[in-house]
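Below you will find one chain, with nothing else, as structure tokens; this is the form predicted on its own, and questions on how it binds or moves follow later.
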């Protein structure tokens, strides 16, 4: 018995652990992370791009040290939720009645496990709540006040809405950027994960849920294929199961990551305008099992950034702009 205890102690000392107690990954040198901060009409505050580059530098160092994809998805999105710079967490957009409802999801590519929350009123970090659902319940999604009570009981941190959510406090109208946030990660184990978090869009009917917490629409991850996160008009991403469709094009159609993601974006873009006057424009960021990136959008801009074992952190807004003003 003593020799097993000693061996365990030696392994513990040699193997760093991260936020959720995951053992370090070192099976391969390749790793990659890509994030987005939502679509843009062409104008973006430089501080958002600077923030993404700084945050990615931290995540890149963690991944190099063997952090798991799941931990890095959560860490990246928590930072963006807390920054007050995007339509997620602290700076989430208010609905038609002037209060904030947040949605988020996270997915583990190893076993397709997933968790999501929707219409949350007091949760500080919806992405953490989504992970609590995934890892501590037998369900995938928890919604509304009863779902909020459940994730709070599991340990999700709550806030006083009228004191925390800046756009509700300041009565800020919808910005030009739709700052939904998301991340997709490949770690040194070869595992993939993705997550998305949002406040939705302004003037939404209270109780409306978009694509961000919907597995296959606003987020998807499957080892050996790809991981991705979406931003845009959620109703279209739901109808077209946008990211799962891209993954299927890769898995069954043999398309590359960029070809598959572009096909999903183009299909939605061709859908026309819906009853609400909104169209199918948006964007997807993704990474595949080989560490290739895709950042494809049909809007003027999409705030995004990426880093890998070979690439220093970089943030951009207009990469792959192919379309309409």
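Positions refer to the first chain, counted from 1. As the structure is a prediction and not an experimental result, all values here were calculated from the model.
Form predicted together with aspartic acid (ASP): not shown, discussed below.
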inquiry  = Can you tell me whether residue 115 touches aspartic acid (ASP)? I mean in the predicted bound form, with a 4.5 angstroms heavy atom cut-off.
reply    = no
key: Interface membership of residue 164, aspartic acid (ASP) in the predicted bound form, 4.5 Å heavy atom rule   = no
inquiry  = Would you classify residue 102 as touching aspartic acid (ASP) in the predicted bound form, given a 4.5 Å non-hydrogen atom cut-off?
reply    = no
Partner contact for residue 128 in the predicted bound form: aspartic acid (ASP), 4.5 angstroms, heavy atom = no
key: One stretch from 248-256, 192-200, 220-228, 140-148 that, in the predicted bound form, holds residues within 4.5 Å of aspartic acid (ASP) by heavy atom   = 192-200
inquiry  = For the stretch 150-166, I need every residue with any heavy atom inside 4.5 Å of aspartic acid (ASP) in the predicted bound form, listed N to C.
reply    = none
